[in-house]
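First structure 1, then structure 2: two forms of the same chain, each alone, as structure tokens.
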Structure 1
Amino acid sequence: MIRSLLIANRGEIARRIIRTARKMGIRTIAVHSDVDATMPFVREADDAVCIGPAPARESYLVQAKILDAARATGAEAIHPGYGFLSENAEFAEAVEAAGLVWVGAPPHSIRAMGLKDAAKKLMVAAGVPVTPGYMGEDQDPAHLKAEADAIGYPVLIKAVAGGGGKGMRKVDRPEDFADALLSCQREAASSFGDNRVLIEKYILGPRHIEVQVFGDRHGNVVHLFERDCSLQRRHQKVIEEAPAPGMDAATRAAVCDAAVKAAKAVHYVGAGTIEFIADASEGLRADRIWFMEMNTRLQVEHPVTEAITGQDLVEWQLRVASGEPLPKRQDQLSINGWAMEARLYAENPSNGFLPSTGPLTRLRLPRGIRVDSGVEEGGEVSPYYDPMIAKLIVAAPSRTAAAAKLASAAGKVEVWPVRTNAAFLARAAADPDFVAGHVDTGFIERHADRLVPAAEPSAPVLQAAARALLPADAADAWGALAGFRANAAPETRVAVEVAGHGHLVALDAGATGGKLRDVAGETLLFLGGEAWPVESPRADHAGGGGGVSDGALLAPMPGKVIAVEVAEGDTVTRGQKLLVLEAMKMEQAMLAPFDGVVAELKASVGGQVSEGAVLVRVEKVED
């Protein structure tokens, strides 16, 4: 068994590998860029070496620097994690040439599966069903078009060197083919340095099914069952689960056998994933599941397989790399329960899922489930790397229970000021169609309306904000409320500012509360994975002490003044109606908060007022 391991990666996967290595008594060495110096993975490793500036091509992707670090620290082995150099055959060779153990796929397997067209041809030869399409050498546009016409539309143009969801174009009509081909080739050339493409039949309502495989140096290959990664946004996985919903034993046997066949065809060693695409329009059927590609590394979503099989896949990797046989035979592996993983990203779903980087002033992740995260509160999400904050992994006896657990976990996430997709994940996991197992790769796009939280606070958010603010300072609050309580309405109205905008909220008896937190001087409401800055509207424009103590009444939201019943200088008594505002199609009477004199009157009948505007100010009469 190896005794020391350098991890050529960062963040959550580096921590994940350290965890298992430590358990096995293996010394760990982290390599990191400048900006990562204070990250948890660097601290948690037994040793750490800085290998350069933030951009990955100047640090995490520089093979010589990593090999130097291994030499300097006496590392015996290198684990590449996923991404970066994990599927780089030259690096794997350089590691072995340096006399180190490569905890990854053999270079020949990486090469054999590296290009989508070559891999598909190899699979055809091995008797593995592949997606119908064209994967030939002739890249002449007219020829490609003729092939697409023969396959029948819609088709998918794919860069043969593509990966990570890039370099793909769906073409619905023959007349769109030429433009789509050009744009795909452009992207392929710039992202992968290879503009060759293949063409596939576009599978409608497709599901992404993948099989975890493992090989050792003694010729054994087993599978650890399937995962379903159909919940994708723009071809990127969002929620993964194992096993796949609706998979019967016969279909499972067929697809898992095909995966083992595929791994054997490339003499595979270590952890690998065979990705399939399934036409599930009539349920999962063995004759409608086709090989897509092989990922010759550990996958981001490996924890769901660990959860249902009870195996530690990183431990398997380290044992296999050390020359041991696979820890289990096929007949010793079985599925137990259901697992789901959600990828918590630093991005803003309400704003087109734009990445959101910056400090993690608050970062609270759910307890009682497995959370694989690379960052911690007080750290930050750097613009240089993948914006994943954490993976939330749940396991339960049934799929329904797992989905409920995932929804609840995502809803408990508290992150600020970085924006996250937590609320989106919570909604997806709780969506009735998802819970029913009606998933395919178009699910998110199709249900975007109900999955993506609105940019404006929703009614439940306003309710929770009002409820949370109400008891805080009851005496003053009730004073302030007096001005905002409609005369005739028996219910309680609370004026709140959410995200800097005023709202008047009629409290709903059934409203459920979120959590109110003080984060670096801001009051934040966390509800269902959403985060909103909230406060009670204040009258500090007048220069007074704020609240209602200086007697200023503010418009709780934009509206129109429909009656003014006092004039400047009038003496008023507490509770007396001063003016009436029409807002949200309701009439709101503004009442005097205490006995006094109308010191200032800024409203006139028919006038439009913006939220937060001072309408009238009453001064206490000193006696």
Structure 2
Amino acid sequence: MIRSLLIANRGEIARRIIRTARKMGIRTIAVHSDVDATMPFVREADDAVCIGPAPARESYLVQAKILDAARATGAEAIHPGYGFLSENAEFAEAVEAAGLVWVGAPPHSIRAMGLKDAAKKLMVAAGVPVTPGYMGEDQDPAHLKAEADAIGYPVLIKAVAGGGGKGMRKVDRPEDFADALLSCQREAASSFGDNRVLIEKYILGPRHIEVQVFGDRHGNVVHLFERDCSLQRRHQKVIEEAPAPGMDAATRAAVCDAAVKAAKAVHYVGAGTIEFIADASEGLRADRIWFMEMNTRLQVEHPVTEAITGQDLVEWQLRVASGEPLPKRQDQLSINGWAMEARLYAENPSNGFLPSTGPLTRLRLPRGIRVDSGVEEGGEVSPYYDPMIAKLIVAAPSRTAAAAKLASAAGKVEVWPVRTNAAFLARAAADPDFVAGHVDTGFIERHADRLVPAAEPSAPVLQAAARALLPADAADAWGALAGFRANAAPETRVAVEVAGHGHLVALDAGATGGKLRDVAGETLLFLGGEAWPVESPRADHAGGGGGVSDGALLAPMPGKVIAVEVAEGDTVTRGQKLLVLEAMKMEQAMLAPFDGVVAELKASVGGQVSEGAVLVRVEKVED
């Protein structure tokens, strides 16, 4: 068995691996950037090495620094986690060449499945059904357009070397293809260093089904059943669950057997996920489920598989990497109950889900469930890395019970001043269509009006909060908002029914529902996963988008300008793209708010901008 393990990752990923390694008596070594020096994963490891500045390309992605840290600390093995270098065949080879154990997929398997076009050809040869599309070498835009026209719209453009929803665009009309292709290629080059794409038929009513597979060095391969990851936004998973709703035994057997066949085709070792796309327009059927790709690593959503099987998948990884056979045979694995996982992100749903970085002055996560988190109260959400705060994982005997448990947990999240998607998650998990299992990858887009919270609370909610803090004989609760504090005695309990809003505001530390808190001198209302400063309600909030009435477009988040498509003096029309901002590998187009002329341009390609900075100003042209 491995005795010492360096973890080439950070945050909740590193903490997850440390937890299992400690249970197994394995010494752990963390590597970290300078801004991560005080993070929980660094403290929890037995040893830690700083490997560079904050940007990942100067620290976590520098292979030589990680190998040097392994040698300096006497590590026997390296676990890459999930993300960063976990699917980098060259790094895996470098680890093995250094005489260390690689806790991951074999380099040949990573290469075989790393390029989507080559992987699909391999799957066809292995008898695994694949999605109809174009996977050719000819990348001429005109040829790609012709292939898309032949497949029939809508189509999906996908980066050959892509993953995580990056370098992917849905195209509904032929006239939109050229712009979508250019954007996809640019994002693919930026994220993966490879701008090649493939084209697939876009499946109507699609479900994202994936199967957890595991192989060992003795030729054994098993599956640990399926997960459903259909609840997505912009191709990024939001809520995952296991097993998949509506999956009958025959369809499960077909898709899981196909997954094992795919893993065996590349002589797979370790944890991997075979991803399928299903046409669920008539329910899940074995003849309407196709291979999409393989992730040659452990997945972010692996806890739901652990919950329904009772297995520790990181322990499986470490045992397989040590040369042991798989801990269980296929006939020893079974499904028990239902599990769901929601990704709690530092983002603002009411402002287009843009990232929200900054200090975590208050961070209270729900109890009684599994919570995998990489941050803590008093820390911060850094602009340098993925803005996930935590994974909320629930398990229950049935799907209905699991959904109710997840909705309740998300509603109890208290975070400030960083904004989160907690209320959005609570609404999604409680949505009648979700509870009924009527999900596909377009669910969030179709129901956005009822899932995305308002930018500000309704006046009755704030009025209820105000009245709860005033003496019973106060005449004007609304007018007395300024200066109040929620410092009533603990035994004081005030519950206010907000008519027509379907919830109870219970305003005290001991009750369930909404709570008033004093946080760093501000009185805050926490209700259903949302947080508002009660002292300063604003009725004139304009919402997201970055524009203001005078035509000035403000940066909605800190980021880098990657494209400028106008110059000062240009005439523009309402909705025209003026420039593109990138932050955390996400592109945000800034559009003209009305017809006019570019009076001022303060942005240039490559420039870094801060949130709220004026990027461009458009003036209306008088008739």
Ligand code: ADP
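Treat the numbers as computed from the prediction; the structure is a model and nothing was measured. Here the rigid core means the biggest group of C-alpha atoms that line up within 1.5 Å when the two forms are laid on top of each other. Reference numbering: structure 1, starting with residue 1.
The second of the two structures is the form predicted on its own. Remark: with the core as the superposition reference, the CA shift of R43 between structures 1 and 2 stays below 2 Å.
The rigid-core alignment places the CA of M24 less than 2 Å apart between structures 1 and 2. Annotation for R196: C-alpha shift of 2 angstroms or more between structures 1 and 2, rigid core superposed. Core-based superposition between structures 1 and 2 puts the Cα shift at P593 at 47.0 Å.
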